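Only one chain comes next, encoded as structure tokens, the form predicted alone.
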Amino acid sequence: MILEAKHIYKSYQNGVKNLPVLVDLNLDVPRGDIVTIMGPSGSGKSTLLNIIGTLDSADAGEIFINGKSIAVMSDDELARVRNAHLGFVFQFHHLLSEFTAWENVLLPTRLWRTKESKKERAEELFEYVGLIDRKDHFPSQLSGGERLRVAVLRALINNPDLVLADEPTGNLDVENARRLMDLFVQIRDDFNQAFVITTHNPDVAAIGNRRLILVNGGLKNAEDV
């Protein structure tokens, strides 16, 4: 099991009120799963991804990554786990405008000085998504769909166990959204890659072999709602 989230609770203060967002939430993600999570804006989808991605902490509950509790990890260990075992794709590509597509993809390798060893993988990834002839272009010279594919390659460069995608198609037109979803499925099939994808789009949610809905702070199977 790559990810285990157990009895997660998270709330926010709103004036004098305490507003629960996630309540006794549980989620397991094995290798090769595409888990899609639907829910309206404000339901806690991004909060959940930030918690399982170690970018935020829960008020209660436990997160295990590859069987190890993140609660016992130092800040340096957490940073290494985040860099080596998790990949992130967001609605906005967050590419650095002053770097080429190639340099953006290799950015995560700079943290632990693995850049040289990852250049061959970067070359293979650019070939894989058909962008090898665009690798030396800057983000401003790429289309919206191309920029998001580069962001996906950046998420994959360190061979993560799990990719977390937060509303990845929210800023794309219908055709580019379809291409991105096809790419996620292809990556899952070719590399046995696990994904957790949040979305409000039923067409995006349909690619999941597990389709969940965030309701009242907990996860339910979409078929049961």
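The shown structure was predicted, so the numbers you read here are calculated from the model rather than taken from an experiment. Residue positions are given as counts along the sequence shown, with the first one as 1.
Below, we turn to the form predicted together with a small molecule, even though it does not appear here.
Note on contacts: among 54, 158, 46, 176, the single residue with a heavy atom within 4.5 Å of the small molecule in the predicted complex is 46. The small molecule is not shown here, but in the predicted complex it comes within 4.5 Å of a heavy atom of residue 42. Contact annotation for residue 16: none of its heavy atoms lies within 4.5 Å of the small molecule in the predicted complex.
At the 4.5 Å threshold, heavy atoms of residue 12 reach the small molecule in the predicted complex.
Residue contact check for residue 25: none of its heavy atoms lie within 4.5 Å of the small molecule in the predicted complex. None of 33 to 41, 168 to 176, 63 to 71, 185 to 193 except one has non-hydrogen atoms within 4.5 angstroms of the small molecule in the predicted complex; the exception is 33 to 41.
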